[in-house]
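A lone chain, given as structure tokens: the form predicted alone.
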């Protein structure tokens, strides 16, 4: 059995960003000890695979974990899972970067830090409702780069003013991070930004900004629709998702995909503290659903879908069941053959949702 990915959801934030629809709760201080205890109990009680290739701390704001709390979680993870040189990643807010937390992450075995910079323009950061400013972001980039070889900057385009995007990209490049993620701003139902959805940029401007990022980051491998990396710095944990492989999620609202079953932890944070790991949904996927998701996820990546990998997993080529949609996508110029692989074209990256819709 292949090693799985492990996702840890930390739902606490100093400020709840108005565009975010993840499970979260505002807190004035650090992530509470009661949450750390509940999380450790859920991990220790996990009844599933025992070999992990990666651990990803997401949120919320994982950098709100105290050094002691982070160490406690890593300790129980190492007791529960066998890990051989795992990729341990943590998402970090720039205003949480401090010498003691940097020391704690290094000591705990963190291999990779993702900085949620979002923009290097104070006007855009204010629009996003972020609690750091551009100066905080610059200081955090310098501090993280001095301690970690493997680190990345997360950016969002589509905020106001949207013409600040070019300078944010240029400033990002000045720090030379080995990994960069660029995401378009979304206005999700249930968030404060939903009421402001009339402010969303139109599709043509969004495409221009996406292409601007692609052009600015030309020295990187654009290895996934929204992700760029220097050779060897691809996010190993996220590649598990994009190959539709197995992962276990811990924390309120976290998803797992194991043995053909997708399950979600109950998203209520107070309920989680009382009953960590209780599920709010669990669905066994059909063989066809697994195949559909395997195609869709692989077509998010530049490498695409090697036929040999698909045949090894399912016993037949993708054309055996999906000949018509694959031919239609190729005719539209959204996917192409390269060697024995099917992969998205540049247009297929830009219109990636169209690929998923055609396969479904």
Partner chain sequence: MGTPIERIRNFSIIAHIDHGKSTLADRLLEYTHSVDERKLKAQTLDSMDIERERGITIKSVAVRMNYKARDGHDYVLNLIDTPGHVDFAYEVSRSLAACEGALLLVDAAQGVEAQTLANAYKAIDQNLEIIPVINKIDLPSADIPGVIRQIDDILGLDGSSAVHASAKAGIGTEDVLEAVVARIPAPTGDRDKPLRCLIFDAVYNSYRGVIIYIRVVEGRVKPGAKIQLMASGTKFEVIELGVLSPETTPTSLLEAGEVGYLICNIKSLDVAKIGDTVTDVINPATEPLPGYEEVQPVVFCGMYPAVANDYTELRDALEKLQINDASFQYHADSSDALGFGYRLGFLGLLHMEIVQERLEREFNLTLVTTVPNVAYHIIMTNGADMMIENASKMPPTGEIDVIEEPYIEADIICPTEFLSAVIDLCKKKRGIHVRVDYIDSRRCMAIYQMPLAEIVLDFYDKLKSLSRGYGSLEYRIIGYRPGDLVKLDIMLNGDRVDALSCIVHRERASWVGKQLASRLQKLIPRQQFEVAIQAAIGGKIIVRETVRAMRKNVTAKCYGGDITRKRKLLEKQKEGKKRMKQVGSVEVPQEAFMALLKVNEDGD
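Note that the coordinates shown come from a computational prediction; the quantities given were computed from them, not determined experimentally. Numbering follows the first chain given and starts at 1.
There is another form of the same protein, the form predicted together with the partner chain; it is not shown, and what comes next is about it.
Proximity of residue 267 to the partner chain in the predicted bound form: non-hydrogen atoms within 4.5 Å are absent; the residue sits far from the partner. In the predicted bound form, none of the heavy atoms of residue 64 sits within 4.5 Å of a heavy atom of the partner chain. The closest non-hydrogen atom of residue 250 lies beyond 4.5 Å of the partner chain in the predicted bound form.
Of the heavy atoms in residue 225, some are within 4.5 Å of the partner chain in the predicted bound form. Contact check for 184, 204 and 211: all three have a heavy atom within 4.5 Å of the partner chain in the predicted bound form. Heavy atoms within 4.5 Å of the partner chain in the predicted bound form belong, among the stretches 196 to 204, 214 to 222, 123 to 131, 162 to 170, to residues of 196 to 204. Shown without its partner, this chain lists 285, 275, 106, 135 as candidates; in the predicted bound form, only 285 has a non-hydrogen atom within 4.5 angstroms of the partner chain. Among the residues 309, 293, 30, 321, the one placing a heavy atom within 4.5 Å of the partner chain in the predicted bound form is 293. Applying a 4.5 Å heavy atom cutoff to the partner chain in the predicted bound form picks out 255, 262 from 249 to 263, in order along the sequence.
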